[in-house]
Each structure stands twice: as structure tokens, then as C-alpha cells.
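Consider the single chain below, provided in C-alpha cells and representing the form predicted alone.
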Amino acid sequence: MQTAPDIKDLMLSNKASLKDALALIDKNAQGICFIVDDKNKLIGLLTDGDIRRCILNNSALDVKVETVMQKTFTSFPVTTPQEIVQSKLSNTIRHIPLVDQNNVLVDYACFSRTHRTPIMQPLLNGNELAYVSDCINTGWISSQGAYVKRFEKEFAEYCGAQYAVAVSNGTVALHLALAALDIKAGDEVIVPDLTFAASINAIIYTGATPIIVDVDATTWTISLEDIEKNITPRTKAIMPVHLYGHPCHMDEIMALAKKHNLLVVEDAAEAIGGKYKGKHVGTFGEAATFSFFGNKTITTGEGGMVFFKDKAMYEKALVLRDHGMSKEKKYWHDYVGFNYRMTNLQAAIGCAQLERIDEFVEAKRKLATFYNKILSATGNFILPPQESWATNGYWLYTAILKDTANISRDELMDKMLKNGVETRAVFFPLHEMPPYKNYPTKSTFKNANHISAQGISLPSSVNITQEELDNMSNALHSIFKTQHISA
């Protein structure tokens, strides 16, 4: 994928036609082209809006651009200080051509040439530095410091859970949960096709067999129908994944689990702040896991958490997390355990992040409202799920590009990047990838295939700026207006 296009990708001869201009604008994804004479002197500019108005006025596409171009516009000498040029950029003036002393077009300025909006970045301007400094100043930097217990207690209280175990990352949180519940070789665990690979990898680590099933077309989470038709005498557990922040159908899943005597391990890595019927996700199954990776709603850099309902399983997990070492007899090992401990440094960051969790979740929801509005206006997207019984945590704002859009998902991602906006494709379906394609299943994966092929995630940082949002909005509308004209 390319970043903002070079100046040559925006230059067009005054003898070119409207059709040529349209093709160039479609290619550069900027919604504009600069018109030059045979000596490359700047004489005008033309936007996608200008072309649309020409078409509405019944102008032919073979009309020369010099007859319809804007002759009054903002430009600057290329020697102009950058801060002056940048100060003139706005929602109405998104591109400023830069010329030499002979008025030859040599460069241009726009927001995306000096700024790139990442898909996600953490906000660490609270008490993170103070708490980490406290760890360093006191010498408590390993897993034995007070911040670990504090983080476990405060995060459990936030979610309404009773027993919490902090661990080094979200993947080992899943593995520890399964191990504490005695998932092992010979067992089967049902997992959705659309999830990050950590979900299925953790099952494989235990020696159990993952059974991959399709997702629901509306919520994008694990399909209830496919769960039931894939249950066998070997099935031991269900792993619902609250994908991109939207909760699964937990009442129905818990009913299925009770009917077939199965365990439920919730993968809530992406759903901090998400709620099912007013209750936080991660508080329904026998175990639940969270991730605090750098791109999550709250972060510890790396880090994870496991919730348990049963005290005995919780106490077993504590031992397994610490090499399987007995709590009563130092260096005596009751199990083959793991070193899955969270450091005090990580937990210190987590405690600081938790102090602002309501602010972060609210920012996610406010951002989703903005995106819903601008994506709806294009008419080309299926918006993220938001069922009446659910509160979407909107970890990563993700929508589905409609099949009727006159642009492919990957082409849209490329054009957004040219406008300085990082986007992300939805996860590949598990069943397509080499390590997982031969596991048994009775699913056809129709929904997962479609969501994966057409899904796109937009920047979702809690500290995203209005200037960045305006740039994204302008880019989206320009791209789809141009596609509409081309069609």
C-alpha cells in the first residue's frame, strides 16, 4: 500500500478531458487534481465536486479541463514556512499546491502528508509514569509488588467478578483458564471461526481438539446453531469470543452449556466495557479472559487477566501461574505449571489506566457514533452490531463494506492510506489457515467468510483528534463520490 501520492499523481495537462481528470482523481484518492500548462505552470485546479457539477449540467466527459477548472484558488511558493501553509489547510481547503519562482508546480501540502492516523494507540498521560516510578524507586519491579494485587482487585470490582488472576498477556490468560478447568487431550472445545488466533492456539496448547464453528450474521459472534450441531460426546467446553467489543448471546450459550454439561470460557479480550443485558462480559462463564495489549481499551503494554467463578479453580490457577509451586511449601511443585505472572511494572500501568476506564469507554462509544454517521451517509456500509440487549465496547470500530459498493475493501484501504489513514482488515477465518484447516467441523462458514472478506476497521484510539476525524470523513466522502461518478 502507498502513502500520500506524489505530486505527479495530482498533475494534469490543461488539454486533458474531464474523463482524464476523473481517472486521475480516482487513482490518487485525493478528490482533486492540479491543472498545468505545457511548461508545468500551475493554471488551475479541479475537484470531484467540480466534475459532478459539470455532469449535472450536461457537460460531456470529453470537454477540456481548462474550460471548467477553478482559476481562483489558494497556492503558495514552495519556500513558504510549513507552519504558514499548514495553518491555511481546513475542511474546505484540503490541498494547497506549492510552486517555484516561475509558478511551476513542484509540490503540494495536505494533512495526510504530515500526519498519519494510526489504527490504535494508547493514552498514557495519567498516573502511569508516577506509578511505574514508584515501582522503580521502591525496587518492586517483578511480580511480587503491591500493584499486581491492586490491579486484580480493582479490575474485578469494575467488572463485577469475584476471583481474578493477573497474567503476562491475553494468550496465556486463555491457556491458564483452560488448564485450570482441566481441559486436556481427548477433549473438544468449540471456538468461533472469526477471532484472533490466540483463541484457538490456547486450546491446542492443552492438547484438546478445537472445533471451529461459524459466526452469527448479525452479531458476528459465535453461532448458536453451529454450536449445537457440533457438540459431540467429547465436547468439554465452549469458547465464545466477544468480537470487536460486541457481546455474544450469553443466555442461550449458558443454556446450551447447562443442557450438555459443558464449561464456558469467555474470550473477552476485545470487549472491556462491553455488557450483556447490563452485566459486564466476562462474568457469565466458569472462566473468562481479558487482554491488556497496547492496542486494547486499557493497556499494561502486555498483560492479561482471568476471572473464575469457582474458588477452587481460582486457587489452582494461582498455583499454575507460578510454576505449579505449592503455596505452603516453597519450591515444592504440585503441578507442571507455567511462568505466566504479571510484573508489578505492568500492573502499575494497569492501575493508572483503570482510573480512567469510564472515560476511555465513553470515548470509544462517542467515536462509534461519529463513524456511524459518516459511514451511513455514504450508503455503502453495514454498521457494527449493536443489539438492544447489548452494550458494544467498540474496542476497534469495524464495519462491513457492502457488496454493492463500487470499490473493493482492499482498494478502499489503499485509498484511505493515501489520505494518511491506517485501516485494518478483519481477521482471516481460522478454517482457511494452514495450522487449523484440518480440524473436524460441521460448519460451512458462510458468515465468517463474508465478514472477513468485506470487513474494515477504522482508527479507534481514545485520543483521536477532531482534525483526524475530519480528514477521515473528507477522505471517505471523496472516495465514494469519485467511485459513484466513475460508475
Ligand SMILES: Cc1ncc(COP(=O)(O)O)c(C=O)c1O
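Computed from a prediction, not measured in an experiment: that's the story for all the values here. Note that residue numbering follows the sequence shown and begins at 1.
The form predicted together with the ligand is left out here; the points below concern that form.
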For this session: Give a yes/no on whether W140 approaches the ligand to within 4.5 Å in the predicted bound form, heavy atoms considered.
Result: no
Exercise. Would V213 sit within 4.5 Å of the ligand in the predicted bound form, counting heavy atoms only?
Worked result: no
Exercise. Given that the partner is absent here, does L176 sit within 4.5 Å of the ligand in the predicted bound form, heavy atoms only?
Worked result: no
Problem set entry | Touches the ligand in the predicted bound form: S199 (any heavy atom, 4.5 Å) | yes
Exercise. Within 4.5 Å of the ligand in the predicted bound form, heavy atoms considered, which of Q353, N380, N169, T391?
Worked result: N169
Problem set entry | Listed residue (S112, T195, T235, N344) with a non-hydrogen atom within 4.5 angstroms of the ligand in the predicted bound form | T195
Exercise. Tell me which of 126-134, 357-365, 289-297, 69-77 has residues with heavy atoms within 4.5 angstroms of the ligand in the predicted bound form?
Worked result: 289-297
Exercise. Can you name the residues of 236-271 that have a heavy atom within 4.5 Å of the ligand in the predicted bound form?
Worked result: V241, D267, A269, E270
